[in-house]
Structure formats: structure tokens, C-alpha cells
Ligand SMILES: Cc1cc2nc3c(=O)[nH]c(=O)nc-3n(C[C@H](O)[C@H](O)[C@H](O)COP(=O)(O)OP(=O)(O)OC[C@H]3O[C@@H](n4cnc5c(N)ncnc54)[C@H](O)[C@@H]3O)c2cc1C
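Given next, in C-alpha cells, is a single chain: the form predicted alone.
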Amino acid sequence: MSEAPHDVLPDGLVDVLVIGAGPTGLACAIAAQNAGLRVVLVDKGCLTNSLFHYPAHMTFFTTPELLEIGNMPFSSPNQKPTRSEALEYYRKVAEHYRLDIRQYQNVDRIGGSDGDFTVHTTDQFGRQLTHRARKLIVSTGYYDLPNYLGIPGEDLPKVKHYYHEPHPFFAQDVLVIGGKNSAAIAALDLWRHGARVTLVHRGAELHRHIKYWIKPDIENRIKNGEITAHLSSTVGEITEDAVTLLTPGGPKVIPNQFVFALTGYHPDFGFIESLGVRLDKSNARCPICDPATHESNVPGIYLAGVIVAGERTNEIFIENGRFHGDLIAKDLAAKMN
């Protein structure tokens, strides 16, 4: 097992604190640790929290080697690995590198400046904690913040913005909102496990980027009438027992017990701006950072993963975000060693 550097200054100051323990955050921590720096990670949830909240039986769209970090092989008997395999892989990586991960700590605010940042967190019991670091890496992803519809009834407990598994929805009238991969996968899984599924999408057809093995499946289910689809339509209102769809033929009220609003997610722009990082509103709110080093306009604060792409969340995935750590670590080593 690799030995991690454990030198901490007497005043508790560490070299690097990584906010976010997803695959990209882990890759950043490993690269910085390999450069001889003392690294701590904090995450408001569990290790790879976003992956944990993916559908229980999800299969990745990519191959195992493209999910690898830390030069550790990802062995899988499947051409496309499953969620459970990925979770096990990243646990093993964290164990191998003896990463210091402080789970279930939400970052409330950050003070200080380059060379001595203070990170204030709250744990799951409401206790307030403080961490100090010379440099920060922000790799918070975007999966925690759904794109809300802003319609009446969206706050009802029957409305969900994440899909996990189908069993609780057997023999129920379920509406799936969206026209991309997540919506198509959820609609198919729900239908196959006995739910009565209606799909509504504002576009005239399902999104062209739905994966090639999923698209004909969902289209055939719709064509056969097994899944009811309303295209060029939106949801006007959600009530306890029904939903009102705004269709080209006029409003349509249908029975409903559950709604999955799978309309995408966005980075926490408010948190990023609270750090002093500027967003380029003319460029999809991409944060200002040096593409060669990933250091933001705030000295000592680096950005990694999907947040670098701003609102274009479909540009950066594990496959390319995992390389941000090497760029950051190279700059950290040049400045700190």
C-alpha cells in the first residue's frame, strides 16, 4: 500500500485541501500527494457521492480504462462497467493511496487567502469544524443541484429529481419529464418493472445524443404504446393525484402518483462566486481559470472537473476531468516545493 505524506504543521495547516471527493477530486488528491504534498479531502456526502446516487443498476456509457485514476487498473468482466463496480474501484483507490477523506462535512464558507485558507464546515450532527490549507482545489461537480421547473406542485413529496430504482413504483402512474439519457433510462426501467409510464418532453423528438443502444429501445416502446409519450409538451401543474400537460392539442390532465423531473443539473455557481471566482457570463458562466494550471482568478484556488465548463455540463466527464489533477499538481509542485 502506498505511503501518504503525513507531515502537518503544528498549527494544523496542510498543503492542499480538496473540496469534493468524486473521481476528479480523488485524482487531484492523488496527484498532489504524489508530488509530496499533504492533502485532505472534504465532501458533504460519502465517497464519490454523485456516483452513489446514480440508479442502482446503472451501466456506464464508457469503458473501464477511461474511468481509471491514480494509474490503478479498473478490472471488469464487462465492456461497460456498472455503478457497483465503479464504487468498489474508487473505494480501493482511496484505500491504496491512504487518502485522508473527511466525509459528511458540508463546506459553509471559506476565509483567508493564498498560503493560509480557512475552510469552515458542518458535519452531519451540526457540529462546526475548521480546516486550514495553503492551497484549495474545488471539484464539486454539479449533480447536487437539479434544474427546477418552477411550476405549481413541484415541491410535492411525489416529485423526485433523481431516479434510483423501480420497485417502489410498481403499478403506479409515473410521469418522467425529460428527453435525454437519464429520462429514457428511467422510463424504460420503470416500465419493465410494472409502472404505467408517461414521458413528456418539450422537444419535437427525443434528444439525438441518447446512447445508440437506448434510443431504439425507448422509441420502440413508445411506438408500441407501451410507454405513452407527449412531445413538444411541458408540464403545467402537478397535484396530489394528477398532472396537467400542456400539449400541442391543448391542456391534458392525466392520473399520476409520482413524477421524475429528470431535467438536468447545474454547478453551484453561488458557492463558486462566494470564493471570489469570476464567472464569464458571455461563455456559459465558465469560471475564470488558467487552462494550463487550472488556477482561478483567485490566487491559490484551483478548479477541477465539470465546474470548469460552467453551464456546459455535457463537455467534461470522468474520462477527461480526471486529467485536471496532473495539471494542478504540476503547478502546485513548482510553487510549493
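Because the structure is a prediction, the values reported are computed rather than measured. When you see a residue number, it is the position in the sequence shown, counting from 1.
Below, we turn to the form predicted together with the ligand, even though it does not appear here.
Q: When the contact criterion is heavy atoms within 4.5 Å, does Asp326 count as touching the ligand in the predicted bound form?
A: No - in the predicted bound form, heavy atoms of Asp326 and the ligand never come within 4.5 Å of each other.
Q: Answer yes if any heavy atom of Thr62 is within 4.5 Å of a heavy atom of the ligand in the predicted bound form; otherwise answer no.
A: Within the cut-off, so yes.
Q: Mark Lys44 yes when one of its heavy atoms lies within 4.5 Å of a heavy atom of the ligand in the predicted bound form, and no otherwise.
A: Judged by the heavy-atom cut-off of 4.5 Å, Lys44 is in contact with the ligand in the predicted bound form.
Q: Can you tell me if Pro55 lies within 4.5 angstroms of the ligand in the predicted bound form, counting non-hydrogen atoms only?
A: Flag for Pro55 set to yes.
Q: Choose one stretch from 141 to 149, 231 to 239, 188 to 196, 250 to 258: the one whose residues place a heavy atom within 4.5 angstroms of the ligand in the predicted bound form.
A: Looking at the other structure, the answer is 141 to 149.
Q: Would you kindly say which of Ser113, Gln172, Thr82, Asn106 lies with a heavy atom within 4.5 Å of the ligand in the predicted bound form?
A: Looking at the other structure, the residue within range turns out to be Asn106.
Q: The ligand isn't shown here, but in the predicted bound form which of Val298, Cys286, Ala35, Leu51 has a heavy atom within 4.5 Å of it?
A: It is Leu51 that has a heavy atom within 4.5 Å of the partner.
Q: Along 18 to 44, which positions have a non-hydrogen atom within 4.5 Å of the ligand in the predicted bound form?
A: Heavy-atom contacts to the ligand in the predicted bound form: Ile19, Gly20, Ala21, Gly22, Pro23, Thr24, Gly25, Val42, Asp43, Lys44.
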